[in-house]
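Take a look at this single chain in structure tokens; it is the form predicted on its own.
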């Protein structure tokens, strides 16, 4: 798409105006940083103008709006995305070239915003892209994290967390909206007062924080819409203590300000201590309270009433972090707008929907009841009443079944269960893959499903294919444009038409050449950043995702160690050169995950020093893996490792990004892998290991990892080799982890799946040597990936859950 209404000369004049107005300089004298900011400010203004037109249409057409609540939005860099979506990239490139600047260097100057960490945030970003491209009225709500999650450095194999100071150059996209601030209250004492038949709730002695919105506009591809991602920053509302300051007590004078602003300093602060738990709970309430006050204010300004809220507003809570939407909306409706309990509850349930993203117990949030009551006293009162009424209803359905009612209760055993609250207070609950949704109904939410089966559905996740294919892999997207026309850019399921070229030798050779050129592109970027070379003629085997035991980076390490052991036992063995790339962060307090990173790094160091292995195996851990790195890594990947224990990964979206770029998946029947296998056929994906049902059966019989260790010599040697250590580092603790832990040894069954994994991987290696056949399989994977676009996911949410429609384009 190209926008022909704006010319290269127009761009030059716009940039000259920005440079003069904001920096007092000219195009000839501007620095690269000044040019970078001038470009961003220019594009931001264009988006602002376009958004104003779109907002007027939404308001005039009285369209129902969706508000997407998520603790993170991992959006990646925005400049290239916006220029391509607006169809003006070439005009900017030419104008900048005329001024002596390279647009690609300007792209590289932009930092990745520190607004997310992993799949949850990236999914939210993909959904905003698709909502906007499809012209749906949508707003995202999150927090503006000053220091992001953290910046990852690897020092002698150890992860070191430093602040992610992305806002130093990345805040240009943010538009402060000080006219839209709201106050959020924490703590205090609650009392009740009846006045003319109306119950008045009085809160005293509370702490008050101001929520200041910063807007980031989200463009759509060839669409009329520009959506808004509203990010809240916390600011102290109390007056500056001038008396303390004049007395020299400077820290005390600004203490309240510092404590308030801590709310939006960091994403997911460590919660292995009481202060961290309080901060996380406070962040979640701050997000939902500010966002709901904003939603209600905007709705009343348009309609003048809240009686039609469910007909005009859909509020979606993405995982349990925003679950406090439910009691907070109850509070606003009852305490401020005098709704009765019954009317407020009916409104809430009809308005709110919930996506569950995990069956992992630690991710199904629970809050200590005493902490919850102390920090959010009014919300606690409301949750208690929700729970009392719900349990009373359950008693009528299941009289005497205390065990079931206890399992379904929102408050039990001194804990407030956020997943239970989310299910009870939503009209629809969905999983994110067919397998995950079935597991939810059979296990985690089985009692709820038996009680209200109509509430549960599935929407399989998707990816923004315009970013992960069209932007991230321009050579492949150009080939698709040529062979199947550019229609797939707005209709991704048309990518399926590419399958008919799998037997066209010229296309097979073109796809293989594109893969190699993408390898060269990644290797060049890696060398520029780290000064180390990667063999672009080696097979690229990639596992890039959050570092977690259930993701099973350890299973991958066992495979690499087994290959290493084969070479050491027989140095003359023939083995294809392989580069194993790992990327991802370990949560700061997750010490086992940090040990896994150290193990990967030290294994890589030892392999690099070993002359027997040189040129055959290489292990690379990618420091500070982020969206920008992923955009050049995924097109270069040959094998995508999706090897979580079956039944543990809800969906995964990394698997889809690799797939659409022609990587072959080696994985378990877990998450979206199941549907990917259906899409491409068993011959075009490498599935191994236990199924989710077999995992459950093995747990029930009693899982003993030592049996697998003793029965497989290759596995035994690999485990023993890890425990002997690498590079002088001691990894003997992994013997306890794999074999002798008194609680659960090998909790994610790496040893049970190892032999199947190793043989399947070797089958993939053999197939890789048949290059034409491998490339044909890659083409089939690319063609099968269209279904896994977020455009399809968003359409299913819009039609089946939110009940929203796009704007009518023809109406002015």
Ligand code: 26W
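Numbering follows the first chain given and starts at 1. In this text, all values refer to a predicted model and were calculated from it rather than measured experimentally.
Same protein, other form: the form predicted in complex with this ligand, not shown, and the subject of what follows.
- Stretch-level contact check against this ligand in the predicted bound form with heavy atoms at 4.5 Å: of 137-145, 610-618, 497-505, 645-653, the positive one is 645-653.
- Proximity to this ligand in the predicted bound form, defined as a heavy atom within 4.5 Å, holds among 203, 406, 183, 270 only for 270.
- Shown without its partner, this chain lists 192, 104, 156, 274 as candidates; in the predicted bound form, only 274 has a non-hydrogen atom within 4.5 angstroms of this ligand.
- With a 4.5 Å cutoff on heavy atoms, residue 321 counts as touching this ligand in the predicted bound form.
- Residue 558 falls outside the set of residues with a heavy atom inside 4.5 Å of this ligand in the predicted bound form.
- This ligand is not shown here, and in the predicted bound form it never comes within 4.5 Å of any heavy atom of residue 303.
- Interface membership of residue 295, defined by any non-hydrogen atom within 4.5 Å of this ligand in the predicted bound form, is ruled out.
- Contacts between 67-104 and this ligand, taken as any heavy atom within 4.5 Å in the predicted bound form, involve only 72.
- A shift of at least 3 angstroms brings the Cα atoms of residue 624 and residue 272 nearer to each other in the predicted bound form than in the displayed structure.
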